[in-house]
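In the form predicted on its own, a lone chain appears below as structure tokens.
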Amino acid sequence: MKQIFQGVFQEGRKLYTLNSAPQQQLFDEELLVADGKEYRGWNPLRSKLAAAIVKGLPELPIKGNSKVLYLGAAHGYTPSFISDIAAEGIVFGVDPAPRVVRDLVFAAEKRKNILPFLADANHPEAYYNLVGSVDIVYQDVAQKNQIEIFVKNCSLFLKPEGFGLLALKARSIDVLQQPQGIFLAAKKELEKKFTIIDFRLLSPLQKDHAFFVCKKQ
């Protein structure tokens, strides 16, 4: 088992995290025991972050004690792997859909460092007093104003020198325009507020998606 980032491991072509809740599966993922430790298989077809790593992400700023605000947490698949990586930190999971937040609550019951919030990322003031400043803002929100939501939340929550990780879905912004044009326009907009550490396309693992790693200026 080869460690490629803090808390992220690779065996052959497969990605894994060290399971912070041993012998518990959340999403029917593979559990692999190696050197007396249990690892969870992380599928890049289900996670934009895993896809970015497979596509050559050079740096993963999430650390063992990171405080992470996750926007668009949904059922909790990727948040659960971030909770493994930041096993001594905390993951605030925000989503506006009651049904998926219910599933996120079930995941949080097995992982004490995930805190679910039923809230709209368009209105960060609703959870501002509950979250406070964070090391990482991670966003996977399929809405037309994805950039606006990301900038607003990073401005409110991100510590100086903190990192924003953005999974951008082109088709949610404009179904007619070519994704490459949308990504370049988004990059120019983000550069007004951040230093872009990395930008990469996620196809074919995640169709019409790009991934940005941004550092707060």
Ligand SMILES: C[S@@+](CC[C@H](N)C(=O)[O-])C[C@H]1O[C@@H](n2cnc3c(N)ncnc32)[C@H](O)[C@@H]1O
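From a predicted model like this one, the values you see are computed outputs, not experimental measurements. Residue numbers run from 1 along the displayed sequence.
Not on display, but discussed next: the form predicted in complex with the named molecule.
Under a 4.5 angstroms non-hydrogen atom cutoff, the named molecule in the model of the complex lacks Ile182 among its neighbouring residues.
For the chain shown alone, Val100 is a contact residue for the named molecule in the model of the complex, at least one non-hydrogen atom being within 4.5 angstroms. Interface membership of Asp140, defined by any non-hydrogen atom within 4.5 Å of the named molecule in the model of the complex, is confirmed. When contacts are judged by a 4.5 Å heavy atom cut-off, Pro124 does not count as touching the named molecule in the model of the complex. In terms of contact with the named molecule in the model of the complex, the residue from Ala108, Ala119, Val131, Ala87 that brings a heavy atom within 4.5 Å is Ala119. Between 155-163, 40-48, 54-62, 182-190, the stretch whose residues reach within 4.5 angstroms of the named molecule in the model of the complex through a non-hydrogen atom is 40-48. Contacts between stretch 88-111 and the named molecule, counted in the model of the complex as any heavy atom lying within 4.5 Å, involve Val94, Asp95, Pro96, Ala97, Val100, listed in sequence order.
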